[in-house]
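Coming up is one lone chain in structure tokens, specifically the form predicted alone.
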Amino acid sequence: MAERKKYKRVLLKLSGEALKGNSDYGICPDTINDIARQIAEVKATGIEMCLVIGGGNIFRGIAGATKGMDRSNADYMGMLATIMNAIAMQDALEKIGVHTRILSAIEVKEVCEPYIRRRAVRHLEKGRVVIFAGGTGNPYFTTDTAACLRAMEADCEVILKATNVEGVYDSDPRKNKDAKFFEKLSYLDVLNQGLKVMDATAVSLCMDNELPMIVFNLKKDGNIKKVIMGEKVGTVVG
């Protein structure tokens, strides 16, 4: 009997930090290979999937700006870091037989295609995993905002926000054992309570366009597939 999928097309948002494993920075081969394996399991069910990966494991624009760099220059460096992560993820996916395309908002034609909405949708229809790189192509916007924007442009039904905790809490559960876990939140709850789900621009964009988010623990094996199959995992924002 075929598995019943809750969604047909989804966008998975990964932080750059998710790729570094237990290292202080960079890309951990074992970690990225494990994430690729989980994505391959989802693809095998017929789900159309796209990804946005941050660049914080290599360079974070806002951190550079706080140390005296021009914010625009720092953000462009962060965008280039997302392209490096996208190439690494593409390599890991294609080694296990998952056809992948990188579409970048910053043109680097030697290694990836330029972002064109219709091209992205066509790749998804053909069963390829599409990795959106280069953020929005503009400084002052995070990869969270880029993820929301690309999800809407690609007609995704939901954003899956991968984290290293079970979902959304009122404080950091790794520091506060009494932190309260939320099973469901509205967009306004997130904004009014200042909960660290995504930045305010990204949350507002999802709210205005009624695009739901599910925040879940990436470190629990099989969670990506569980979310897509409609199992009760993480926090639903919408």
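Worth saying up front: this structure is predicted, and the values here are computed from it rather than measured. Residue indices: 1-based, along the sequence shown.
From this point on, the text means the form predicted in complex with guanosine-5'-triphosphate (GTP), which you will not see here.
Novice: My question is simply whether C112 lines the interface with guanosine-5'-triphosphate (GTP) in the predicted complex - judged by any non-hydrogen atom within 4.5 Å.
Specialist: Output for C112 is yes: heavy atoms within 4.5 Å of guanosine-5'-triphosphate (GTP).
Novice: Using a 4.5 angstroms cut-off on non-hydrogen atoms, would K126 count as touching guanosine-5'-triphosphate (GTP) in the predicted complex?
Specialist: Contact with guanosine-5'-triphosphate (GTP), yes.
Novice: Using 4.5 Å between non-hydrogen atoms, is R71 touching guanosine-5'-triphosphate (GTP) in the predicted complex?
Specialist: No - in the predicted complex, heavy atoms of R71 and guanosine-5'-triphosphate (GTP) never come within 4.5 Å of each other.
Novice: Check H99 for me: does it contact guanosine-5'-triphosphate (GTP) in the predicted complex (non-hydrogen atoms, 4.5 angstroms)?
Specialist: No, H99 stays farther than 4.5 Å from guanosine-5'-triphosphate (GTP) in the predicted complex.
Novice: Looking at 78-86, 118-126, 162-170, 149-157, which stretch has residues with any non-hydrogen atom within 4.5 Å of guanosine-5'-triphosphate (GTP) in the predicted complex?
Specialist: Looking at the partner contacts, the answer comes out as 118-126.
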